[in-house]
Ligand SMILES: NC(=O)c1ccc[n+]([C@@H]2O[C@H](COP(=O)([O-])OP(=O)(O)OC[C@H]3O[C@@H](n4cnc5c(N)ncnc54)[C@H](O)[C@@H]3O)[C@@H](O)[C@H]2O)c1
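Below you'll find only one chain, the form predicted alone, shown as structure tokens.
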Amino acid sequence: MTRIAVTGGSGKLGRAVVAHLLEHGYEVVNLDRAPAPTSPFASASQPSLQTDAGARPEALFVRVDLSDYGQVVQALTAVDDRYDGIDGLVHLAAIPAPGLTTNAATFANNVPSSYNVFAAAQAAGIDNVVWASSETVLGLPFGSNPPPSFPVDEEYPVRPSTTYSLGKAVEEEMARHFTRWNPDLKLIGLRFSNVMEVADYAAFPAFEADPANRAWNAWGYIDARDGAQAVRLALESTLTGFEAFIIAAADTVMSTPSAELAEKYFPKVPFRRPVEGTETLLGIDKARRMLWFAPTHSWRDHVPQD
């Protein structure tokens, strides 16, 4: 069993990632400031994830402040008798969106914490790192800053428009140089679209009344379970160096065909290839090709269709 540390494992995407990795036989350590609300606090008297036959394994929880480099190094090397060493790292912890606090506070939390995680992983000898970048580096919101083409891809330079997305762009640039310094290192940035859980899907039919309200990210989303799949595939890939991948659902949040939406709300944006039906306008072709990413969850499976 391989031991994977997940920073931010108590968050929305983090909970799905932890559950998915456990289901696939990984031992998981959740590094966060608080345990997940739906998971029991792992007892220090039961540090192992080994369970009786048929019992469901749980992630080990360790409280860590990622702004403290020393804490991060120790969390990635050993914590008393609870574990000794980490094989792979998933970094999800962050202030998750712009506007949740002041701009400077967002940058001061996210970027130094990511530096600490990348540097501590290097110090701990961990060369398999996957972290949450963001669709926002593509230039969101698209309403005032349309993309160069559809489906949106990873080929054009990042163009952050908020302090949050600026931080993600800085993290991607840091990753390039960490992998330049260490050619054996894998640092994969997953540019997640708007993360959704099943409970969120009840609101989706209302989007049809005013599609402009969701044009900001070209009507994209990602089911947290498919986001978790992308994380595992990135961990298991044989890639080295830095790579960035757009991670989105195979469809949009809308019932209106994607090409029709694009023609109305982005009339000057050309298509690089045809888009069928409600296919996503956030191109996941690279993730499909290089990670074998295959999203299987759709909001349409959970909301009655007319």
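In this text the structure is predicted, and so the values were computed from the model without any measurement. We number the residues from 1 along the sequence you see.
As for the form predicted in complex with the ligand, it is not shown, yet the points below apply to it.
task = Please state whether every one of the three residues 67, 164 and 194 places a non-hydrogen atom within 4.5 angstroms of the ligand in the predicted complex.
result = Each of the three qualifies.
message = If the cut-off is 4.5 angstroms on heavy atoms, which of these, 182, 109, 74, 149, is the one near the ligand in the predicted complex?
response = Selected residue: 109.
query = From the list 94, 120, 215, 233, which entry has a heavy atom within 4.5 Å of the ligand in the predicted complex?
reply = Comparing distances to the ligand in the predicted complex, the residue within 4.5 Å is 94.
inquiry  = Check residue 32 for me: does it contact the ligand in the predicted complex (non-hydrogen atoms, 4.5 angstroms)?
reply    = The answer is yes: residue 32 has a heavy atom within 4.5 Å of the ligand.
is_contact(residue 113, the ligand) in the predicted complex, heavy atom dist at most 4.5 Å = Within the cut-off, so yes.
ask   = Closest heavy atom of residue 287 to the ligand in the predicted complex, within 4.5 Å or not?
value = Result no; residue 287 lies far from the ligand in the predicted complex.
ask   = Looking at the partner-bound form in the predicted complex, is residue 24 within 4.5 Å of the ligand by any heavy atom?
value = Although the ligand is absent here, residue 24 would stay clear of it in the predicted complex, with no heavy atoms inside 4.5 Å.
Among 150-158, 172-180, 125-133, 79-87, the region lying within 4.5 Å of the ligand in the predicted complex by heavy atom distance = Stretch with heavy atoms near the partner: 125-133.
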